[in-house]
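To begin, one chain is listed below as structure tokens, in the form predicted alone.
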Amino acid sequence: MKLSPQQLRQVAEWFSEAGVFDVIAEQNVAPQSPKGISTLAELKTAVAKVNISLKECALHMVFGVGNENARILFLGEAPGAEEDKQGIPFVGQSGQLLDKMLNAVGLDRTTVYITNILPWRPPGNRTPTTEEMTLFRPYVLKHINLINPKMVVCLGGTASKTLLQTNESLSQLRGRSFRIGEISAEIFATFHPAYLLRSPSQKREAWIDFLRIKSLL
């Protein structure tokens, strides 16, 4: 019996919520190197062709949104439920908080660019696996280079560790700036808005991060 995408997603989320991931895993294959890609449209097409089990459980691919000539790019971890429904990054509760934080320092979605490491929602909103993040890192690097921002702000520990290829914790990464050879942008790390919704006492620290980021633009 062949299951529909919605049924596959429901089965995958059931196993995920039960803490079982192996049964929904497949061999994840990137069919095309992003090295020769020169436009965002080409990159989006290449990402859509990546053979990964995630997209069998998702409603939409979530690529990126915002100013394609932005000086600052915000990089999250993966889409959530609302992002999966709309196909747009950061439109749920955490996205609404991100919008407020941007507005507080004179920025908005017309002046920044927003994307995630993973373009599809992990079933049950589970944490992305190391394999998944490693698979998409080359595409993320190409995405950043095509936007060519002055600054990349990683939202949360998973995005920060993946981009920087480090095991340092977010608390160790915050307040510092980084450079990596694959992109020209300066890189910073701060809290993911979803974490701030769960831990509102940390909003003051996030505010300090955003003020510093704004001052460096």
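The model shown is predicted, which means the values in this text are computed figures rather than measured ones. One-based numbering along the sequence shown.
Omitted from view is the form predicted together with uracil, to which the following refers.
At the 4.5 Å threshold, heavy atoms of Ala78 reach uracil in the predicted bound form.
At least one heavy atom of Pro89 is located within 4.5 Å of uracil in the predicted bound form.
The stretch from 99-107, 130-138, 81-89, 143-151 that comes within 4.5 Å of uracil in the predicted bound form, counting heavy atoms only, is 81-89. Residues of 191-208 that come within 4.5 Å of uracil in the predicted bound form, judged by any heavy atom, reduce to His192 alone.
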